[in-house]
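Here we start with a single chain on its own, the form predicted alone, put down as structure tokens.
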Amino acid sequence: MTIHVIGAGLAGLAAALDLAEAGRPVLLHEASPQAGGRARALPDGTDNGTHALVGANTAALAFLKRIGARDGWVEPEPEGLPVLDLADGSARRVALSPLAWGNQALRPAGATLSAVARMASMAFGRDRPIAQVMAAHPAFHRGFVDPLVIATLNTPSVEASSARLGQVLRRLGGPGATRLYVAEHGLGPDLVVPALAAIERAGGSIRHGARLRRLVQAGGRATALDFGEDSVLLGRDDQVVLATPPWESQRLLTHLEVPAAHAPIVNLHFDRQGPDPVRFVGLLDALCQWVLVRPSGVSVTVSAGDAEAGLKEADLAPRAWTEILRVAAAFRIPGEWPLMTPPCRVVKERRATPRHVPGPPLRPARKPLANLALAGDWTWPHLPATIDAAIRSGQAAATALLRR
């Protein structure tokens, strides 16, 4: 008996770990040279994005602890998130928890009782575009709600689902739920590598360069895996976890209903060496939405970047670096900050996540075939497409197979 996990993104890694620790023989098949999926580190070790977790991401944090990587995730801004508003040049700290907004210095602009109540109503109200829900509170929407929407839903507020944001809001009320964490050294060394090591310790293995060309089916079961140069015939007790992007899953299982539209994310990675501590800063009225400063470099994320995905690197990098210099000056981030734009790598994920628009989320069958379970953040209807959703979906797929 072998369980074949197709795709070594976070969903596949989570499924493989659960299955291997349950004593099942696990073989991970990954098409690319590196594991990690969308969260993978780039070939030079740079993260692809400014990925962060909050305390409410309990599944992700528990996964980090299981693989021995929890200490690698640090809280870069325990005194409140630094935010630079380029519209007026103001620099301040904003608490992510409404419980801390009694301190006016940490309260976002426009955070009146009625505005906060309006935001909270999305946790249980009817599903509408978020910009419509918050129309009567433009300052609070601009300074707090919209950045939260972009970060969690990767969808512009004018079209983003209030019900999907409500799934996030319902999880932010517990103790420590809004504490922000980032990988100190990067997602490669602080997530992907230790996850693979944990899987291997439990008896699992991985092979790279293995793209599944065709999933052979008969009698409601997967019977063979066609990888082009080789095929794997599945025995009576063999099982499969399909942890691929939605378009790949639909290519292999043509009857699947998958998200119809996706939103891009543009990431910029600047070369800059320095002894600085890890910093995480938000911006308003800017190209850069989030700036992550590590000793190994500076990364910028532009979520819901429909327009930015069409721009050239030569247009994006100098504009972003100018904003980063303003961040460094506003918050007195130490080190050398050259005026000339340093070397920059731009990564455009044109189908980064589904567009989270109003309407019920997809609920694909966890086991569309008798011996095959689906995984992937898009298969978890209880959260938007996030690291936490990916890990939860992989664990759910493993449970579905172990339950047999």
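One rule holds for the numbers: they count along the sequence shown, beginning at 1. Keep in mind that what you see is a predicted model, and the values were worked out from it rather than measured.
Absent from the display: the form predicted in complex with a small molecule. The rest refers to it.
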Self-check item: Partner proximity in the predicted complex: residue 390 to the small molecule, non-hydrogen atom cutoff 4.5 Å
Solution: yes
Practice problem: Find out whether any non-hydrogen atom of residue 352 is located within 4.5 angstroms of the small molecule in the predicted complex, and reply yes or no. | Solution: yes
Quiz item: Does residue 72 reach the small molecule in the predicted complex if we count a contact as any heavy atom within 4.5 Å?
Solution: no
Quiz item: Using heavy atoms and a 4.5 Å limit, would one call residue 397 a contact residue for the small molecule in the predicted complex?
Solution: no
Practice problem: Taking 4.5 Å between heavy atoms as the contact cutoff, choose which of 61, 344, 39, 67 touches the small molecule in the predicted complex. | Solution: 39
Self-check item: Residue stretch of 91 to 99, 322 to 330, 206 to 214, 74 to 82 approaching the small molecule in the predicted complex, non-hydrogen atom distance within 4.5 Å
Solution: 206 to 214
Quiz item: Quick check: do 149, 161 and 177 each get a heavy atom within 4.5 Å of the small molecule in the predicted complex?
Solution: no
